[in-house]
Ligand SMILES: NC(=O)c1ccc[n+]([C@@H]2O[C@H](COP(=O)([O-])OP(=O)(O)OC[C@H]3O[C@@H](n4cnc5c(N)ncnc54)[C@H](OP(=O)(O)O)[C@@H]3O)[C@@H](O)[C@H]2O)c1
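Quick heads-up: it's one chain on its own, the form predicted alone, in structure tokens.
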């Protein structure tokens, strides 16, 4: 089988295509013949050792996958050879065959294309959970989605529109048509004053902000909240080129959020909230992905795919992501 190995810190040139023996599943595990795996900003951060608790080099990246079970380990029930499944191992998905915990796989509807299905695994669950379980967005509310043309942002925008919310989405001017197609109102994130542009559209503030940028953007996002609003931080894209320990920007963000929470408890924060979100496997993950797949099968939701590349072109996939050329999810096909 083939796998992509990240050999050390640097750029996409640090990826190596390797030929290895296919692993056998152990107790409670299944082996999946991978059809497609996703490329995410997490892998970009891993290139620079900036991703929280990433493995030591060398290792195989790959956050999520879709494929068909071709071997089952001892003690596995409920999953059989031939089942089409999705999984989010966080690392190890950039392989032609991957071993994952049987308890972590989610059935994939037969009618869904593998690339579309994998584009909804991490991104779809992230968007659905933040919108419905964290922010609890209601019809008539106004939300701000940073990076509305991206993998998570495009799904967030569409899901929020389906939920009856008004969506303001930041994106580069070249991607404004996509944001409009999704049902959002675009704002150029390269504009001199993004908060002013958002306030012009929502003078009373927004009810929720979904912020993957981090750093100074988190402060701006909080300032745009209406009374009782919430900002959800789910990334730190702006800190990618920071130096020093990877934990430093997260500590700074945690201090800000703690301060805002204290102000709220003291009655000084206009009931505004701030919180962090991190996608993780488990029953709630399965529930969310099942719901996302239901919406996709019904034709109510689709995942935007920026490009499809063969597994061996993972380095090119990361270059596109680093350069900001992608609108939607980059997919590696096996």
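Residue numbers count along the first chain shown, from 1. The structure presented is a predicted model; accordingly, all values stated were derived computationally and were not measured.
Here the subject shifts to the form predicted in complex with the named molecule, a form of this protein not shown in this document.
The candidate stretches are 293-301, 39-47, 24-32, 53-61, and the one lying within 4.5 Å of the named molecule in the predicted complex by heavy atoms is 39-47. For the candidate set 246, 128, 260, 234, a heavy atom within 4.5 Å of the named molecule in the predicted complex is found for exactly one residue, namely 234.
For the residues 137, 171, 225, 105, the 4.5 Å heavy atom test against the named molecule in the predicted complex is passed only by 171. Interface membership of residue 279, defined by any non-hydrogen atom within 4.5 Å of the named molecule in the predicted complex, is confirmed.
Not displayed here, the named molecule is approached by residue 123 to within 4.5 Å at the level of heavy atoms in the predicted complex. Mapping the unseen interface onto this chain, residue 213 counts among the residues with a heavy atom inside 4.5 Å of the named molecule in the predicted complex. The named molecule in the predicted complex is approached by residue 190, whose closest heavy atom lies within 4.5 angstroms of it.
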